[in-house]
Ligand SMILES: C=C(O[C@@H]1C=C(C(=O)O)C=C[C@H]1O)C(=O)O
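The chain that follows stands alone, in the form predicted alone, written as structure tokens.
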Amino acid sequence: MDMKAHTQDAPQRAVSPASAAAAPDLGSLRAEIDRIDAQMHALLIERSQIIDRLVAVKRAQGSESGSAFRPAREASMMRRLVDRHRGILPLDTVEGIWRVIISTFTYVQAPYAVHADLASGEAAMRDASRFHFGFTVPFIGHMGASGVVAAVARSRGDLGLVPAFASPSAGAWWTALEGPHTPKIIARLPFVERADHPAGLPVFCIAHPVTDGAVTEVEAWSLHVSGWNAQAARALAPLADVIAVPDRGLDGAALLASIPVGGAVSLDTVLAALRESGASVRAAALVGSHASRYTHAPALHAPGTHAPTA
């Protein structure tokens, strides 16, 4: 075979100068990444400078007191984050980065510690705390919700994390929030819920009441009920998220009822349902408020697939 002829007859694939220019090499792409990284760092420095000015303004106005944690603003920021996110970067990573940025800058404004109830599972509670508040903020564990409440009450601006579900060892810890000068529930975490959340343990965040930045989409009520029974539990199930534990007498219960604000259900609705089921309320006290539960479906990425649910 004439190899020279074969070579001449083979089809030639010419690469145009325009195509070569349109395909960047690895060095160019890495240079773009370095440029973006430098810009991100510069923006963080710029953000810190604004926080510096914010602290100065607060000091001048005499409004620097307690924790700088603002649950309404943070809930709104995290909702906007998930609603605008797109691309291959996992939402978990994006949310985690923003949580570290927000919590660390909050700590810079007014140092605080996070107290957490480890009795229901230390690993899950540590994950929840580290995901939402990062590693800069000190973490202090307690074996029981009552210890968390007491530690927050003694502090100037610390936060406390307790399970947002019935825990056999916790008891009715929320009754310690009933007084006029006691800590209150100010948030429910995570701010954005999804089935595969890496720190999806539902927890209440308690603190001294914030003077501004509180969110009141859901009110948390401490109810002392006599005549508590299965019928009463079924009656409340469609109306509110309820945690119930035994209270004093054999037929008594202490309830923590999270009731949406501004909807068809109110405290009066809950009380009426209890009465109709044969129970009665001996006392009711408002022990805090938080944002409504906001869910995200990981499989859906089109606009409008994120919806708040009470």
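The model shown is predicted, which means the values in this text are computed figures rather than measured ones. Position 1 is the first residue in the sequence shown; the rest follow in order.
Keep in mind that the form predicted in complex with the ligand is missing from the display, and what follows is about it.
Remark: residue 222 does not count among the residues lining the ligand in the predicted bound form, judged by a heavy atom distance of 4.5 Å or less.
Within this chain, residue 76 is remote from the site of the ligand in the predicted bound form, having no heavy atom within 4.5 Å. Although the partner is absent here, residue 106 sits close enough that one of its heavy atoms falls within 4.5 Å of the ligand in the predicted bound form. Although the partner is absent from this view, residue 58 contacts the ligand in the predicted bound form, with a non-hydrogen atom inside 4.5 angstroms. Listed stretches are 237-245, 280-288, 252-260, 47-55; the contact stretch with the ligand in the predicted bound form is 47-55, by a heavy atom cutoff of 4.5 Å. Of the candidates 192, 102, 172, 232, 102 is the one whose heavy atoms come within 4.5 Å of the ligand in the predicted bound form; the others do not.
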